[in-house]
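The structure tokens that follow cover one protein chain in two forms, given apart as structure 1 and structure 2.
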Structure 1
């Protein structure tokens, strides 16, 4: 199989700016992206730098960007990649932020590991250090983790996260999925403390932009976004939720749906923001001028509003606080 790769090259000690090198290789039909990188390094250019270790999708070290998608090089068949992206495959580091580039495809992942550390990624429990028998949990309890324990901390989701792109403080999908891994574990004794930690605006669960990029790139099927949603739910269920614009916004949907069946967009913003709603005045005025705001007297209602109200009342799993 003929394969053409355009590989990102940048040595901050020597190069003024990054450039791309093109390599055309002949590889076996079952070759993966890591085989191609090895071929380049071993036969064409020994100066190419990239990370690799286990070659079995376990260590997460070979994560790179392939035509815009974060992947594990060792788990990405080239044949499929060519089908998806065409004849020229562009290989780049997970982040092209120049400050993060150590060399070529190798980046400094300190920001990622710092956030992983912040969520205390280990079981917190007062257990006997020398137990006489194993501390077993039931299969149904393991099911509750929903594969969160499969995370190999490769960073694919973190460096694809749209929220991180604009908010460097956001913990990111990996650290939040890791939090869920322990809040869902019946043996962990720090559930409330963990939920309180991620309930903070700016860094925590409420700042996920819901772009689904983390689900798309996770090579282990962890689905961090769904774990973030579970954390939102747990925050309400455990009574941890602070009254703020994000929690009020989530609750506001229930009020609005019960009243109108559909959303009262204007009132939802007012309910979520309280007096801070004034900051939206310029946009609100523009919308008003263009007939984009419904007043209470002409607010549309769903024709099934009574039924919807009843359905909300019988299906709600916990009480509203606000």
Structure 2
């Protein structure tokens, strides 16, 4: 199989700016992206730098960007990649921020690990130092984790996150999914403390913009976005939620759906922000002209709104059985 790769190259100690090197390789039909990088390094250019270790999709160290999508190099078949992206495969680091580039495809992930550390990614429980048996999670409670424990901390979701791009303080999908991994674990004794931390405005769950990029790039199917929505629910269920624009927005969303069956965007902003809604008047006028928002007396109702109201109430009070 002929494979052509354009690989991002940049040595901050020697280069003024990044450039791309083109390599044409002949590889087995079952080769993965990591095989191609190894081929380049071992046969064409030993100066190419990239991370690799387990080769089994467990350590997460070989995460790179392939034609704009974050992937694990060891789990990405080249044949499928060519079908998806075309004849030329472009390989780049997870972040092209020059301050993060150590060399070529290797980046400094300190920001990622700092946030992982902040959420205390370990079980907090008062366990006998010399236990007579293991502190095992109950089989019926394992399902509640929803595979959050599959996270390998590769950083694919973190460096694809649109909220991170806009807000460097945001914890990010990996740290929040890791938080859920422990708030859903009946053995953990720090559930409220964890929820209070991720409830903070500016860093926590309320700053997720719901782009769902984390779902698309996670190589282990963790689905961080859904874990973040679970944390939203837990924050209310555990009485941790504080009265602020984020929680008012969540309440207003539910009220709107129960009342109209559809979202009343104008009233949602008014309910969420109160008197501060005045700062949005220019945007509101433009939305009004285009029919995006309605006056209260003209707000339509969805067909079957009473049924929708019942569904919302049921979903708020009934626990789904596995």
Partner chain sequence: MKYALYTGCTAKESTPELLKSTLLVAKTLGIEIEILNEASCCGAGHLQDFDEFLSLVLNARNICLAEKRGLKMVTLCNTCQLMLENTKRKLDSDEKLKEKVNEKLGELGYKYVGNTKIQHFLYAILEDVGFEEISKHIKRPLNMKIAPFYGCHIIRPSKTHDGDNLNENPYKPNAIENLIKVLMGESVDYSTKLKCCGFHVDLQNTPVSEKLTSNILEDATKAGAEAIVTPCPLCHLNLDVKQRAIAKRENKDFNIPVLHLPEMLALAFGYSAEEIGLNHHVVDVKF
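Take the two forms, superpose them, and find the largest set of C-alpha atoms that agree within 1.5 Å; that set is the rigid core. These numbers come from a predicted model, not from an experiment. Positions refer to the first chain, counted from 1.
Between the two copies of this chain, it is structure 2 that is the form predicted alone. For residue 25, the Cα coordinates differ by under 2 angstroms between the two structures after the core has been superposed.
Annotation: Cα of residue 261 displaced by at least 2 Å between the two structures, core superposition.
Superposition of the core reveals a Cα shift of 2 Å or more for residue 306 between the two structures. When the core is overlaid, the C-alpha of residue 295 ends up 2.4 Å from its other position between the two structures. Summarising the core-aligned comparison between the two structures, the C-alpha atom of residue 286 is found to shift 4.0 Å.
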